[in-house]
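Below you will find one chain, with nothing else, as structure tokens; this is the form predicted on its own, and questions on how it binds or moves follow later.
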Amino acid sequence: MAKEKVVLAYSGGLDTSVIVRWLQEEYDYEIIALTANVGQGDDELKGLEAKAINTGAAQIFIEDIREELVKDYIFPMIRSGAVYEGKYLLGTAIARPVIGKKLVEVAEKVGATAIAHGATGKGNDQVRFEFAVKALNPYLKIIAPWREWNLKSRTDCMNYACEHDIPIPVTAEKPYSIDRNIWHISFEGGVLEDPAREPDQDMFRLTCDPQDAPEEPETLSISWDKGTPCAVNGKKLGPVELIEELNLIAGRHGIGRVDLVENRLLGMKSRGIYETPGGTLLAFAHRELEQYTLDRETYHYKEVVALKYAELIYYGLWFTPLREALDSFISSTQETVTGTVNMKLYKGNIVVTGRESDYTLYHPDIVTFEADELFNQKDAEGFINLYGLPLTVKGMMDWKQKLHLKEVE
């Protein structure tokens, strides 16, 4: 009889390299490896096919999903304004649902009955992968080795790899975990688990130290069409090229570093170091353009929606009716978010230098301190009296009580 098949989310890193061999020993499955090219770089993709086959995989799919990731996941996230806990631009989290979707697609293509992943039992990624699978094909079995095997730590994994002659891209001297895609790089674990320890400067990949950035500022413009970035410095770029270009520009000015102790979904706090250079520029510019083109009540309510949207992404709830419903609201708010934002970049800082839009709600003729014919300042008196009426009533009551207390005395 033919063996059942399992599709493994395969990166070629420490965990998944060990998992291929472990799945061979513990399960009688045919192992199909899936590597999603989300922009982790050629160095990480080089030699993966041979490595996967040599460690026991029967087949490997290497799928370039960068375009889909940017267009269908990152761009909607930008339009939403989602930022988790005020700092995290959701770089790892936003890539997980599309990888989960691809796992299901490959499983259905090859006739697999299970999927496997290398996320730990303490982290968020296990939830993100598995929620995607449950939403898209709940009949697939899920295997999470970190919740099953006897290996208790990354050190155990390294020892297992050495015992089984599995090459690994991590050493005991610097055993932090790295996750990279087109949107960001994250660093966690190992020496970084001490929140009091400053990260080593040679750790960073996308950004220079702001102290070493150019002494002269650089000007930059980002153009938008209905909340979606479409051009840099007047040059139209495709989704992938646009983010790659902004990563280079922001990175050389030391923009986009974040050191965050965040609240994981499972209830514990963890420390992560993130580099999101291009994303930081996009989040900044999008916010500036929204402030210029959205009315007050819509803008303020959208800030509330952004918080919830960030939680949905972080918690792995992308494939949910609520996220789809919020997208409908967000899309309606972006109809007028079209224009250009001009900025100046200097040693880790972004300064807005100008905004342009045919849909702006800013009218100098109304807001001017000079004489104008559009605003009658006398109207403000009636507005204040009516809007402040509850305060007047409360003040009258308090005053009455004060008088009563004096009479009692």
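Start at 1 and count along the sequence shown; that's the residue number. As the structure is a computational prediction, the values presented were derived from the model and not from experiment.
The discussion below concerns the form predicted together with ligand ARG, not included here.
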Ligand ARG in the predicted bound form: within 4.5 Å of a heavy atom of each of Ser186, Glu262 and Tyr314? yes
Per-stretch contact check against ligand ARG in the predicted bound form, the hit in 123 to 131, 279 to 287, 211 to 219, 150 to 158 (non-hydrogen atom, 4.5 angstroms): 123 to 131
Does Ile178 reach ligand ARG in the predicted bound form if we count a contact as any heavy atom within 4.5 Å? yes
How about Tyr309 - does it come within 4.5 Å of ligand ARG in the predicted bound form, if we only consider non-hydrogen atoms? no
In the predicted bound form, does Thr92 come within 4.5 Å of ligand ARG, counting heavy atoms only? yes
Does any heavy atom of Arg96 come within 4.5 Å of a heavy atom of ligand ARG in the predicted bound form? yes
Contacting member of Tyr292, Tyr88, Trp318, Trp224, with respect to ligand ARG in the predicted bound form [4.5 Å, heavy atom]: Tyr88
Which of the residues spanning 267 to 289 lie within 4.5 Å of ligand ARG in the predicted bound form, based on heavy atoms? Tyr274
